[in-house]
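Let's start with one chain on its own, the form predicted on its own, as structure tokens.
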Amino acid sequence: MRNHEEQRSYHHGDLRNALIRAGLELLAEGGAAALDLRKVARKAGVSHAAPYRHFADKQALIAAINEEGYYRLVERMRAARAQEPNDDIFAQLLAIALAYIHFAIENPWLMREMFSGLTVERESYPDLYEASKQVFKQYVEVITRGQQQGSIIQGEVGGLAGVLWSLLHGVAMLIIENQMSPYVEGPEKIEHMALLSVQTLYRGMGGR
């Protein structure tokens, strides 16, 4: 018989996902400081002991939340790219930029936690580390295709992808930290900033 504190019934494997979802909600409400296993359990409607079936401590939970965040970001980027022709590198880059920036705006606390490096070390959690690499892979794929068709300069792909990521991440973080006002006040200005960023970078990396 289940503990009387268990208010919801989860099939095998569902509990972990329910706890991650609860953690994401708490993170959105108040950042990593609002997270602890008891609060997550309460949010998910399960006993205080339930989270320990899947997470040894708060850091393990946050690692799982960050992993979910990376995969959500990757899916957002892939979906945006899928709307544009594969051989239109500028359109692909702009799609990635808009997806990345809008994800940050919609999930500011998650974005901060994913990239802070203060709570967990990605290398200590192999699944989290692999998830973070999938974001970088999106940049590498576009840069590689651009080099193959001659629209992006030749050079070390990882380095160029790093430059692209640095630019987009900088813009996204400055926006959510309220450091780019009045240039990004409203959806149209945000899209213009994304376009300006990609245009400026593309002119510098253009192979023609």
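From a predicted model like this one, the values you see are computed outputs, not experimental measurements. Numbers follow the displayed sequence, beginning with 1.
What comes next is about the form predicted in complex with another copy of the chain, which is not displayed.
By the criterion of a heavy atom within 4.5 Å, residue 125 is excluded from the residues contacting another copy of the chain in the predicted bound form. Mapping the unseen interface onto this chain, residue 150 falls outside it, with no heavy atom inside 4.5 Å of another copy of the chain in the predicted bound form.
Of the heavy atoms in residue 156, some are within 4.5 Å of another copy of the chain in the predicted bound form. In the predicted bound form, residue 167 approaches another copy of the chain with a heavy atom inside 4.5 Å. The three marked residues, 15, 55 and 72, fail to reach another copy of the chain in the predicted bound form, with no heavy atom of any inside 4.5 Å.
Contact with another copy of the chain in the predicted bound form, judged by any heavy atom within 4.5 Å, is made by just one of 49, 34, 60, 163: 163.
In sequence order, 178, 179, 180, 181, 183, 192, 193, 196, 197, 200 are the residues of 178-200 having a heavy atom within 4.5 Å of another copy of the chain in the predicted bound form; the partner itself is omitted from this view.
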